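The chain below stands alone and is given in structure tokens; this is the form predicted alone.
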């Protein structure tokens, strides 16, 4: 698998695309699309490192609206966007097109590589994301929770982590463990965004700890779907022999050799419809308690703060 950063190029102009591919190919992994619509599944699933889009007088409102929606989204807002303009094209209002930088076509050969590098470095300095999953990290998570509390929003916060992940890492190594974490990040993101495209949030605290924020009415169905899909996918991350047996042999935290089930996922959640919170630490602590409760009751399940209601998968 390539370790190069991924750049998505969107342009109807095949000649322009080929020029950009030639300039970037030695430094970046380039993925081309002819229009914004066809690129969305890839962007949502893979979260590339940068987006380059050819903007001209014939660019439709849909494309501009999608770019603006991406930049306004708490998950994809960190994605740097470079606009490529024709030399005669003029932007009257930069608030109507939320891009991070632009480049004229006449300067493409000389400046594209430099512009792309600067955009990426600027994004890394100003936005904190988890380097493995490209999801927002701790600082962004705290800001999201506190911002919603301060605004008086009603929402649900879910805290997810993996059961028996350490034995998997010990048995198969950290590289294969990282692939499990990337799969989980994509799975949570796809399901949460699929159920609530606007106003939802997914963050990666670190390790095997993830959070997601949704309207309270969506949280149970989303968690059920995450659990179901994870349980279907996770066996494929094991060698055939372990997959058939349904367990692995590894060592516990005391160094004793024992058997462990396949990795599961536990999710705890809390909402503020009835119980009020003023500080992110308060609501995050309850969600964490619910996640621990899910683990204590066997793992592989979902628990909502029982002072309101409870659901077990």
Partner chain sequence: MDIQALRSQIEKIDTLPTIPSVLRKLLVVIENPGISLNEVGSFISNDPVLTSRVLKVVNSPVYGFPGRISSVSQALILLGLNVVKGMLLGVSVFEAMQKTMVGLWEHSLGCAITARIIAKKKDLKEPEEVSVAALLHDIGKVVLGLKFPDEYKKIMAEAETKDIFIFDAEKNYFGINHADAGAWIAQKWNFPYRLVEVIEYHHKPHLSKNVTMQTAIVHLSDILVRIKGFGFAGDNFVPAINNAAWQMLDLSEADLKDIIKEMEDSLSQAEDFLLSDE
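Just so it is clear, the model here is predicted, and its values are computed rather than measured. Residue numbers count along the first chain shown, from 1.
Below, we refer to the form predicted in complex with its partner chain, which is not included among the displayed structures.
Using a 4.5 angstroms heavy atom cutoff to its partner chain in the predicted bound form, none of 272, 275 and 304 count as contacting. At the 4.5 Å threshold, heavy atoms of residue 190 reach its partner chain in the predicted bound form. Using a 4.5 angstroms threshold between heavy atoms, residue 183 counts as touching its partner chain in the predicted bound form. Residue 240 belongs to the set of residues with a heavy atom inside 4.5 Å of its partner chain in the predicted bound form. Although the partner is absent here, residue 232 is a contact residue: one of its heavy atoms lies within 4.5 angstroms of its partner chain in the predicted bound form. A heavy atom within 4.5 Å of its partner chain in the predicted bound form is found for exactly one of 179, 111, 221, 150: 179. Just one listed stretch, out of 284-292, 66-74, 29-37, 241-249, contacts its partner chain in the predicted bound form at the 4.5 Å heavy atom level, and that stretch is 241-249.
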